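In the block that follows, a single chain appears as structure tokens, in the form predicted alone.
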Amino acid sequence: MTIDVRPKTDRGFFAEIYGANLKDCSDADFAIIKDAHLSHGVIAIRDQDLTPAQQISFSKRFGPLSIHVLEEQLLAGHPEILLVTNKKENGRFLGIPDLGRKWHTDQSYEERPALGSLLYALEVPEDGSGDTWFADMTAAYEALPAEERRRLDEFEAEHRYDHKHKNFELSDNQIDRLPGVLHPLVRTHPETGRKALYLGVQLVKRIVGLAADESDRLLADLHTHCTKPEFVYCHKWRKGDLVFWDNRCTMHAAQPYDDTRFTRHMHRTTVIGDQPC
């Protein structure tokens, strides 16, 4: 079957892919998928049926995989997979039920943040809720006035993972392992050469060199700008979707759903990226 790439916005941000078989993906098909990922920022590869090992194997073709700091939320026997789920076992959540509800880019708090994340949907809410919103950070940057872009190009920001989740919080040991890191406020994509704003509501704590109130105002203004409707696309999940987003040029935010009535069960693999510059 021929792979069919279907852009979902006029500017080309986000695309759906049909006809891909990720269990047995030829080099030619992989090249099409990789090119689509770079061209569109986010791709939703529809109609997949993957085991954990198959998801890991496909993900590794993009680079080495990260092992998330939240050890108790990893899939047993497959530590490369972070469980994004509201399923419980013996009264305890198997994974993270409320992951990513605020705008962010994955693992930006690390020296080498995520290149991309691949989230595979095994179960989705029956009422169609639990969407994920994606923001095009390249388009948002390029829409700013030239003088503002030049100003922002000079800044660094501190990224740190220290916030609590609704149903659990990091241990002292995990917090000690995540001291925070400085990254450029505007990063250059290592493969496309295009610049993008590099932000996150909870993970970005401050802009270096600015007073606290000025830093807070600028970050709030930038987040408001980046999440305007013209820069955002909403993905409605279907079972069998594998959504692969480029953390180097996008943000995303998971939308809430009624987790007392519905199950949302997903496996996430994360490809390690380069040090932002």
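Being a predicted model, the structure only gives us computed values, none of them experimental. The first residue of the sequence shown is number 1, and the count goes up from there.
The discussion below concerns the form predicted together with a small molecule, not included here.
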query: 4.5 Å heavy atom contact, residue 99 and the small molecule in the model of the complex; finding: yes
query: Contact label in the model of the complex: residue 136 to the small molecule, heavy atom within 4.5 Å; finding: no
query: Touches the small molecule in the model of the complex: residue 132 (any heavy atom, 4.5 Å); finding: yes
query: Any non-hydrogen atom of residue 22 within 4.5 angstroms of the small molecule in the model of the complex; finding: no
query: Answer option from 181, 186, 140, 84, heavy atom within 4.5 Å of the small molecule in the model of the complex; finding: 84
query: Stretch in contact, per heavy atom within 4.5 angstroms of the small molecule in the model of the complex, of 173-181, 190-198, 102-110, 143-151; finding: 102-110
